[in-house]
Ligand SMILES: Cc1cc2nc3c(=O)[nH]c(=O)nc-3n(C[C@H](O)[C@H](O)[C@H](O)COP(=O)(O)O)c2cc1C
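First comes one chain, alone, set out as structure tokens in the form predicted on its own.
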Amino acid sequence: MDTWSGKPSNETLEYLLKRRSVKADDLVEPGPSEEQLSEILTAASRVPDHGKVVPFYHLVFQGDARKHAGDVFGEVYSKNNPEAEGVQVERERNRFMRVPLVVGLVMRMRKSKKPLWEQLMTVGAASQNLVLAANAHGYGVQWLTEWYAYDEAVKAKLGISENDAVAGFFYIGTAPEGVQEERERPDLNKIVTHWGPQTPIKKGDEYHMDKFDFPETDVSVVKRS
């Protein structure tokens, strides 16, 4: 396989400039073939990864697996919300049935001298690569978490370890024809600074916390593979 660190591709640039999510409720059959799915997951795994620790794994929900996962959602939702009506429980049970394919991407921090922050960044890169690879195969994608991504009972029933975290569930299917509704995008004039010693930095909106809630890490090594 040929590899490169840079190669002109107007088509790739167009994907990046026009990429947008498609609502899961709007996605329909068909979904990716097995070969396409393998390529999507391969692309998702080909990301900068300091130390080559691979701090993630994938869960693929197809066919009946979507229904079985939905049974877990319905069961846990009912326990969490005993007052819920049947229609509400059924809605939760059918979450994964909305689309042909759902891929869960789970963060699993590896034992490493590399900073936790960098492992998290790798997971984010894997997530975006998954989205773009699915788009490149002609499919729409919505990256969601929703309540069941954070529920410990759901995680346990799906086989996700207590110390792991769901980065997202990626709903993949065929998008409807026509132009998708665009949303407001970041204004580069508010967030881009051509740095200089005396240049005021454009930082966008004010941050609402005192600091990022991450443990102290050794950030002396910043080079990525």
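Every value quoted in this text rests on a predicted model; they were computed, and no experiment measured them. When you see a residue number, it is the position in the sequence shown, counting from 1.
What comes next is about the form predicted together with the ligand, which is not displayed.
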Scan 94, 145, 88, 112 and let me know which has any heavy atom within 4.5 Å of the ligand in the predicted complex.
145
Heavy atoms within 4.5 Å of the ligand in the predicted complex: which of the stretches 156-164, 31-39, 58-66, 180-188 has them?
180-188
For residue 20, is any heavy atom within 4.5 Å of the ligand in the predicted complex, or not?
yes
